[in-house]
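Just the one chain here, the form predicted on its own, laid out as structure tokens.
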Amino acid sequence: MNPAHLARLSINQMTVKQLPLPELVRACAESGVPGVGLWREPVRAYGVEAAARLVREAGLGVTTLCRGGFFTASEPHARVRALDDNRAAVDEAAALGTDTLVLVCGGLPEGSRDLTGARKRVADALAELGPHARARGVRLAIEPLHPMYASDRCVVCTLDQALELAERFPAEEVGVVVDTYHLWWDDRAPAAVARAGAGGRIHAFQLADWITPLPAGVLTGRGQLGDGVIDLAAWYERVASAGYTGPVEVELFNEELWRRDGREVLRQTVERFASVVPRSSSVR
């Protein structure tokens, strides 16, 4: 494999969640993978400062921190708690040395059918958090999720909807995540990718394939690259053509992969990534 294919690769921690953080960092360094995307829960368990030091001493970069968000609660005290937690997430991202906090915005509150109101509360939360994030050198990255998650996880379902929220704020404060798993089905997404790129709002790019049938609960249906129906190479080119030159993060949630040896999964992921990245555009 040409090492140039790895220049932008990042392995999200959930892809090989069976690996403890030190082993993940060591395996990425040994494989020539320059970046990792981290999750708050295992990082907090390890210690934020200790995790930052571990990654830094291995010569890796933290490409994103997942996740902030869940802004849609209507009860005042719950909203205060959510904002406080998101400020803490911003501070953790800054401590880890990443400039990108991924936001999963939240679903409908229990008993609610008010999508419009929920989306307004997302906008209100972004307005409160944006200045704090900017002061800490962290960008808020709205991740639109597939519509099947709208009720319980994310009322922002398309890239257009994410951009309509993000564009109310400076690009250095709020942008979007382009995730193939969530966007591949939307025929308006290619134009939205170009729009996001033109505005400097693609703050993260994540790859996962779509496999069917989806598992019960659907959360763990993100397939290994090349195992599903998404034209991942076309998405890579689309995002590159929009001007994005940052990390390309592989984020997989898959019970079958989690049951396997984590280092084996990481090796396979690196190999599959090479087939996604056209040799003519492996370094931009």
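Residue numbers here begin at 1 and follow the sequence given. It should be emphasised that the depicted structure is a prediction, and the values quoted were computed from it without experimental measurement.
The form predicted in complex with another copy of the chain exists for this protein as well; it is not shown, and the discussion that follows is about that form.
Exercise for the section: Answer with one of Met148, Ala95, Ala191, Leu83: the residue that has a non-hydrogen atom within 4.5 Å of another copy of the chain in the predicted complex. Expected result: The residue in contact is Met148.
Problem - Answer range among 129 to 137, 75 to 83, 177 to 185, 95 to 103 for contact with another copy of the chain, defined in the predicted complex as heavy atoms within 4.5 Å - result: Every other range fails; the passing one is 177 to 185.
Problem - Joint contact, Leu115, Gln161 and Asp231 to another copy of the chain in the predicted complex, by non-hydrogen atom at 4.5 Å - result: Yes, all three are in contact.
Exercise for the section: Find out whether any non-hydrogen atom of Leu108 is located within 4.5 angstroms of another copy of the chain in the predicted complex, and reply yes or no. Expected result: Result yes; Leu108 sits at the interface with another copy of the chain in the predicted complex.
Exercise for the section: Answer with yes or no whether Pro42 is in contact with another copy of the chain in the predicted complex, where contact means some heavy atom within 4.5 Å. Expected result: No, no contact at 4.5 Å.
Practice task
Could you confirm whether Gly226 comes within 4.5 Å of another copy of the chain in the predicted complex, counting heavy atoms only?
Solution key: Gly226: yes, in contact with another copy of the chain in the predicted complex.
Practice task
Give a yes or no for Leu165: in the predicted complex, does one of its heavy atoms lie within 4.5 Å of a heavy atom belonging to another copy of the chain?
Solution key: No.
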